[in-house]
Structure formats: structure tokens, C-alpha cells
Ligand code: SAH
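Starting off, we have a lone chain in the form predicted alone, written out as C-alpha cells.
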Amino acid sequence: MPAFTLVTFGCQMNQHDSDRIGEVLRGIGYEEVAEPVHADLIVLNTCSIREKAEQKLRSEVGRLGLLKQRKPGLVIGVAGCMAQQEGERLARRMPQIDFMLGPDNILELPRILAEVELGAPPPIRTVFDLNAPTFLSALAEPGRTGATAFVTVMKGCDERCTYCVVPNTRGPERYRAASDIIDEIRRLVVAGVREVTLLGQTVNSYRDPAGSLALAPGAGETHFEHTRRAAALQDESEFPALLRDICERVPDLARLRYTSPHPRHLTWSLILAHRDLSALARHVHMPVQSGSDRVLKRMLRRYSIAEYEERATALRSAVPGLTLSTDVIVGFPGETRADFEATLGLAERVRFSGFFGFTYSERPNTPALKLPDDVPELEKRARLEEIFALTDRHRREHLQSLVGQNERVLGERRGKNGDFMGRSEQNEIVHFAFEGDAIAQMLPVTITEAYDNSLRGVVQAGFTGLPRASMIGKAPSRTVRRALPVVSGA
């Protein structure tokens, strides 16, 4: 039986695509293995949103090229956003690569592999499915379904932020029918999944192409001082209605998350959905990118800091204890010290529980290339270190404040020391011991200790597990994959 290895770079969308690639390969007789040295096929599923991702790809291909010299029959493929963006160029510069596959072309993988086997020149298949969008569903394979799963609701992006390559690598926004989304979630829950994360480049811009969703409570309403009514109406979407439909039609789903939303689509109807739906996690990752209105305009983000803070405050008021995490780019072209200090001020006021910061790097075919990159690299790194020092303190203080609190923790996997790891509703990582099998269990845990990035707790006395644990609590038998994370947000 031929064997394959998957190496994933990037965001949750790439992780989801890698799962679908694995399903396609197993469907044509491949077996997944953890180590490239044992593989006949290696697929690198790539990200291109940061320059570092390109560097990692080149390094990985170079390393695998040495393996290919020892195994001449080894096939190396590049999938994902780098393949979409740089297919022809990468094929010329890296002769070790045997094929390129864009995000919308995963189902063509069997045909491409057949072409490679026949000795064809490196096939490059990077065509967007604009006329008939395809959304690959999880197969919910027996023994391979864990406690959590990703479900795609839309792909592509129409925002056109000046620094971002996503419109070029993922195409314009295309939406999946609500009925298909709900059917996939229902199948996953039957297979033992307890938590689903909805995925999309701007996930909360969702609109049902089939027109099946009822109007969500609060749709079209605006109670914001800093957002004009016309803009608020333009920001409205059907995402809150989708959330309500999922919770109503799949009541056994224990927890629902989504990523990554755009701040301008954090509408009044979405805030009400968070207030009303108990399955929605008390955490939202909402990229802000800068705390300066002047820089946001240069980024073409289409909201002000006053709007961002007002909506974040309204969300926290509706859901007590809700945590926010964010993305920030420092050193964007034209960012002055005053602009950066405005970002520091925003971070101090909002106190994000999770923070992902990056220095600006030029990306191909983006409008920001027309702006002079006038912030020295040393200054960019110094600013990044400064804001990390602030937000790391905020995170530690937040975690320390949870000691002694009771949290509902979903067991996700077992650690190397035999303990379990899971996440709370607020998205904190929690380590704990348990006598039985905690995977896919929702456990009451009292927090006893705070670390720099996670918590430790004890399962409350008397909890022995749910009767369904024998069915849904088994650890999935999936092969451990290499993943090289490059966090990205809208």
C-alpha cells in the first residue's frame, strides 16, 4: 500500500484542507504515515499570508529534496495558497516539486497523481471554482473523528485589505448552502464530535446562497454611537441566522466557535446571538491589525478604533466573561511612533486574552507595495517586542484571575505525561488528570494553577464521565502530522 505524509503550514483553513486531502488520498488506497522517510508521497499544504511561510516552504522543499535523492520514486507536491500564488515560479525554482495544487482543486488530486506516475511535466492546477463552488465535507470516518472539527461555511474574501494576499490566493467570497453546513455538523456530532469551529476568511460576512435562513433577531438594528445606520445596515449578514439555525437543528452539539470574523460584521444581531445561544463559546478572535485610525485607513480596514471598541464592549456586556483575542501588524508603511502608541493604548484598554503580532512584510500583488516601506526592520522588531511584553502581561494576569474558578473543559487529547488537555469556553488551554477517558467529555474543572500560556485544574469530585463516553470518547487513530503554524486573520 503506498504511503503519504502531510505537512501543514498556516491557519485553520489549511488544517481543514489537509484533512480533506488526507481523505482523498485514503480513498484511493494510500496509508498515512508520520515520518516523510517512510512515505511515497509528501504533500506540503502551504500558507502565503506571511513572508516567513515562504521561507519555511523553501527550507522544507530543500530538506525533502535530499530525501528524494535517496528515494528517486518519492513524489513531492505543494498544495494550498503558495501553490495558488506562485505555481509556475515555484515549479521553475524548485525542480524537486512534482505537482502544484490550489485550494479549490483538491478533488483533482487522483488525476494529478496519475499524470505524475506517467512521467508528465509537473502538473499545476490552480483554478478557482467561481462558477460552481465546491465545499468539501468531512467524511466522519470511523475511528478518525476527534472531539473537535472544522467546518467551512465560506471561502475567499472581498475586503481587499491593502496588505493581504488572500483575495489572490483564495479568490472572491463564495458561500456554502446552510443546509449543507448543518448536515455536515449533524454527521460529525453523530460520529462523536462535541465542538465545531466554523471557518471562513471573513466568516461573519456569510450569506446563504439558497436563501433558506429566517431573519435573525436584531438584524438591521443598530445601537452603536460610532457607526452610521447606513454603514451598520451594509455590515449586516446572515451569519447570526446561521448560528441560530445550527444550534436549533443540531441540539447535541456541545460547543460552537468560529474564525476569523471581520470587525465590521460584528453586528447587533450577532451580539444578540452570542447572548442567546448557550452553545456559542465565550471567546471571539477579532483581528484589529492596528490601533491607529490613520493606519487602518491605509490598510483599507473599513472601521475606526471607536467602532471596534464600541462593538467589543457591547459584546462583552451581552456575554459576561467573554474573552477577545486579536491580530496586529506592526511597522506597516507609514506607521509612526504615535500610531504604534495608539496600538499600545488599544491593547491596554481592551486587554486581549490572546494576541498574535507580526511585523509587516511585503506580499506579492498587494496594493501596499505602492507604499514606501519606511519603518526600519530593527524598529519593527523592537515595536513587536514592546507590544508582546504588554500583551504577555495581560494574558498572565487573565490566567491568574481564573485560579479557583470552575470551568467547563472539553477534553481534546492526552499529553505526553498521561494527563489530558482541553479548552475552556473562553479558549484557555487547561491541563488536568482524569481516571477514565476524558477525550470528547465536557468536564467540570476547578482551576488550581496558572502558567504563562495555560492552566492546570482538577476535575470536580463525583464526576465519572458520561454514559456515551464509550462511543465518543475514544482517541482518534489518526497519524500525527507535522504542522508549521502561521496564524492569520481577516
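Numbers for residues come from their place in the sequence shown, where the first is 1. A quick note: this is a predicted structure, and the numbers were derived from the prediction, not measured.
Although not depicted, the form predicted together with the named molecule is the subject of the following passage.
Interface membership of Arg50, defined by any non-hydrogen atom within 4.5 Å of the named molecule in the predicted bound form, is confirmed. In the predicted bound form, no heavy atom of Tyr258 sits within 4.5 Å of the named molecule. Not displayed here, the named molecule is approached by Pro287 to within 4.5 Å at the level of heavy atoms in the predicted bound form. In the predicted bound form, Thr359 approaches the named molecule with a heavy atom inside 4.5 Å. No member of the trio Phe355, His394 and Gln426 reaches the named molecule in the predicted bound form with any non-hydrogen atom inside 4.5 Å. Only one of 68-76, 321-329, 180-188, 242-250 lies within 4.5 Å of the named molecule in the predicted bound form by heavy atoms, and it is 321-329. Of the candidates Thr343, Thr145, Gln201, Thr267, Gln201 is the one whose heavy atoms come within 4.5 Å of the named molecule in the predicted bound form; the others do not. Contact annotation: of the candidates Arg383, Arg301, Arg311, Lys155, the single residue with a non-hydrogen atom within 4.5 angstroms of the named molecule in the predicted bound form is Arg301.
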